[in-house]
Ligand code: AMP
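Consider the single chain below, provided in structure tokens and representing the form predicted on its own.
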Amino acid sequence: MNLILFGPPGAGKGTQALYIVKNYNFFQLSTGDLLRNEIKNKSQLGNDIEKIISKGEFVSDEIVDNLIEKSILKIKFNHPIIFDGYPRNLSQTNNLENILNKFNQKISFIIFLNVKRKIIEKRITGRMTCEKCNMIFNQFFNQKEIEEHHCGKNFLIKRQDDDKEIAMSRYDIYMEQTKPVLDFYSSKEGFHEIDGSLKIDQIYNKIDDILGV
């Protein structure tokens, strides 16, 4: 019972994925995390990725596909997988289908968090992530939670790709490139579109209804 979680940068995929992992025992496979780990490890590939992201561009399909396949090979399929931020175009879609076929796996649910551009702008430019526990906050919407965060504000950082100009460029590119993928999956059984501008717990409840069937 694998799941694809779609949505533009800032749609809240990471927050929802953490919830699904906790409550449904999924394994989260995030392309964003894979890329950031390479950068953090300061490998040659990581340096190349950092240069690409800093320009507001997307990393090539070849790099992302290889990272995804290596990660899937490490998973023993004791848990279903959430594909967070992947696939992003038709080439990646075909690659994912081929990889899953190797292991006799399939996609059971496709969830698209649809959010308008104005809301995305505030979510991205105000986003802060805790380096210690990976919780995500927003300085526009979660000021009280930030003040009371148990790890302390010292661990809260803004990601390099959360610059407004870069972020909105990524939003526009994402929506343009991902439309054919959404068209591909929207006709399939298991596709669900959710209003991503709803409150976090309201989105939780809708996902509960979908996965609890």
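Fair warning: this is a prediction, and the values are worked out from it, not measured in the lab. Counting begins at 1, following the sequence as shown.
The following text describes the form predicted together with the ligand, which does not appear among the structures shown.
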{"item": "Touches the ligand in the predicted complex: residue 59 (any heavy atom, 4.5 Å)", "value": "yes"}
{"item": "is_contact(residue 112, the ligand) in the predicted complex, heavy atom dist at most 4.5 Å", "value": "no"}
{"item": "Exercise: residue 88 in contact with the ligand in the predicted complex, heavy atom 4.5 Å", "value": "yes"}
{"item": "Contact label in the predicted complex: residue 156 to the ligand, heavy atom within 4.5 Å", "value": "no"}
{"item": "Proximity to the ligand in the predicted complex (heavy atom, within 4.5 Å), stretch among 181-189, 140-148, 40-48, 24-32", "value": "24-32"}
{"item": "Non-hydrogen atom within 4.5 angstroms of the ligand in the predicted complex for each of 123, 128 and 200", "value": "no"}
